[in-house]
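Below you will find one chain, with nothing else, as C-alpha cells; this is the form predicted alone, and questions on how it binds or moves follow later.
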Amino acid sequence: MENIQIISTGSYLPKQKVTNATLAEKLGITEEYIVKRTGILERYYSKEETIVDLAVYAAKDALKKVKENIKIDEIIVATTSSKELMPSISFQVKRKIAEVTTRECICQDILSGCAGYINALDIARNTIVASEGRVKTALIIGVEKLSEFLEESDIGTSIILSDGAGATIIAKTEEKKDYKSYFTVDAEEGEILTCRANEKIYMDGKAVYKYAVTKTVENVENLLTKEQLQQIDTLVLHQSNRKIMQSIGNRLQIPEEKIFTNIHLKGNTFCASIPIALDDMQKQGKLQKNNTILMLGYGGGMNTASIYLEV
C-alpha cells in the first residue's frame, strides 16, 4: 500500500476581528454568557476578502513553507459557504497558483458539512494511492465565509461562527506511514443543521450537541477497534464548541492535554477548523515526525469522519 505524508500546512484569517464585547453589546447579552456557552473569545469576519481570496491566501501560505520544488496534481476544496457554482473555488485557486500546478491537476469542490475537510483529505489520499503515480501531490483546502450566512439576531450561531481558511499539502512517500479512516452518515438527521440557497444558517443547537457527543464517539470507537489502534498523540477535533469538545474527550477517555484546541481564538470555521488547527500545531511544534494524530470532523449532512494519521 502506498503511503502519504503531510509536507506543509497553511492558514489565513480575515482582517476583521470580532470580539465578545462587540457581539455582547449588539445582541444584548454578556461576554461571560458567550464564553460559558462556547469557550470562544474572538472570531473573524471577512468583509474585503472573497471566499476565493481566503482559499488562495491559505494555499500560498502552505506553498511558501515547502522546502523542495513541487507540482500540485490535485486540488480539493471543502466548503459550505460558496455562492459560486462555476467555476468552483478549486478551479479559481488553480488559476491563481498555476505556476505550481500541472495542467492535468484534478480540481473539485465538495459539500460534506463541517466534516468536509476530512472527506476531502481522504479523497485526496485515495486518489494518490489509486493513480499509479499520476497524482503525487495534493492540496486540500477548507475555507468558509460564514459571516454572509449569519442571521445576526440568532444568538445560537452568531456567537460561534467565524470565517477563515486552512490548507494542507500531502504527498506520496515511500516511508511506512499509518493511515486509517472511518466514515458514518446519518442522513435522516440532516434537518438539524441546514443552509439552503438564499437562506441563513439554521442550527438546532440541542440536537446538534446530542449528535456531536454521541455519533462522533461511536465513530472513533469503531475506528480504534476495527484497526486495533492504541497510540494517539493528539486528538484534533472540529473546533465546534468548547463544551462539545470537552465532552467528546471525556467520553473517549482522552486526557485534555492530548486534545488540541484553538477555538477560543478562531471561533468555529466549519470546514476550515481542522486544517487551521493543523497549521497552528505545526507552528507550535506539535506535528513532529512519527507522531500519530486522530482528526475528527462532524456536521451538516449529518456525517462524521475520522482519520488516524502518522505524521
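Just count from 1 along the sequence shown to find any residue number. Quantities reported herein were computed from a predicted structural model and do not represent experimental measurements.
Just so it is clear, the following notes concern the form predicted together with another copy of the chain, a form of the same protein that is not shown.
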*Gly301: heavy atom within 4.5 Å of another copy of the chain in the predicted complex?*
yes
*Any chance Ala167 has a heavy atom within 4.5 Å of another copy of the chain in the predicted complex?*
no
*Evaluate Thr137 for contact with another copy of the chain in the predicted complex, applying a 4.5 angstroms cut-off between non-hydrogen atoms, and reply yes or no.*
no
*Can you check whether Asp233 is within 4.5 Å of another copy of the chain in the predicted complex, heavy atom basis?*
no
*Of Leu193, Leu224, Val213, Ile159, which residue is found within 4.5 angstroms of another copy of the chain in the predicted complex when only non-hydrogen atoms are counted?*
Leu193
*asked:* At 4.5 Å between heavy atoms, only one of the stretches 167-175, 234-242, 151-159, 115-123 reaches another copy of the chain in the predicted complex; which one is it?
replied: 115-123
*Residues of 180-210 having any heavy atom within 4.5 Å of another copy of the chain in the predicted complex, listed in sequence order*: Ser181, Tyr182, Phe183, Thr184, Val185, Asp186, Ala187, Glu188, Gly190, Glu191, Leu193, Thr194, Cys195, Arg196, Ala197, Asn198
